[in-house]
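Below sits a lone chain in structure tokens, taken as the form predicted alone.
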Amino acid sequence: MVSEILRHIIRFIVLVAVQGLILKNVEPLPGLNPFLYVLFLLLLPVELPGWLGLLIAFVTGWCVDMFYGTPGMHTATCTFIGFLRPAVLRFIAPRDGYEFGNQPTMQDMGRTWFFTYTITLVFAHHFVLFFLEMFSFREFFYTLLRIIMSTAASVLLITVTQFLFYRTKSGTT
């Protein structure tokens, strides 16, 4: 239990630091913003109570806002993801439900489940974040293009991270 909590704390520190110190300054194309820190919220345990998920998401967004100098934008977006996550988990739950102790990783849940989960929440995160940033539908199609491009970049980064840092199980599809 303590090692699990310590692993999540280390993951939080590393992902928020990478986001704030490195990825904040990386914009490969105009409007393309990869957000790897969302992986921390995605990898929270499935059994996590909803109120605790909201609190953790709030704190995560607040810490990212400190790096970006955007008071409230990431906080609101992450809190929304903390609110949406339990519904997404229920919607894509395996037929027999989740086994206790399974992590929401590609290795534990399979590629199809993981991509559905990741793309849904990352797209929702980017949708809220970029429209909060614009605070207008004036440039709707440009903002939608930014959302799609940044979602693709973020999902790619998250997938590479999954392959690099998580052991594979035999027979996972």
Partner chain sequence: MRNLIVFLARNYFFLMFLLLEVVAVFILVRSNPYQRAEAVNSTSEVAGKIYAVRNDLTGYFNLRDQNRILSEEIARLRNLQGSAWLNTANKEIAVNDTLYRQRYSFIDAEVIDNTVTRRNNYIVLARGKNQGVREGMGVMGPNGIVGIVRSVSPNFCTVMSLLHKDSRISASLKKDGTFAQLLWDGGDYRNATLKEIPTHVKLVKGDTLVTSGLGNAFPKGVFVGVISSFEKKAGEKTYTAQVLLGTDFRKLQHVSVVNNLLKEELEQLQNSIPDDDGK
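Numbering follows the first chain given and starts at 1. Since the structure is predicted, the reported quantities are computational estimates derived from the model, not experimental observations.
Not on display, but discussed next: the form predicted in complex with its partner chain.
Annotated contacts: G20, F35 and P45 are all free of its partner chain in the predicted bound form [non-hydrogen atom within 4.5 angstroms]. With the partner omitted here, the stretch from 142-150, 35-43, 64-72, 116-124 that lies within 4.5 Å of its partner chain by heavy atoms in the predicted bound form is 64-72.
The closest heavy atom approach of E133 to its partner chain in the predicted bound form falls within 4.5 Å. In the predicted bound form, its partner chain stays beyond 4.5 Å of every heavy atom belonging to V26.
A residue is said to contact a partner when one of its heavy atoms sits within 4.5 Å of a partner heavy atom; G50 meets this definition for its partner chain in the predicted bound form. Although the partner is absent here, Y98 is not a contact residue: none of its heavy atoms lies within 4.5 angstroms of its partner chain in the predicted bound form.
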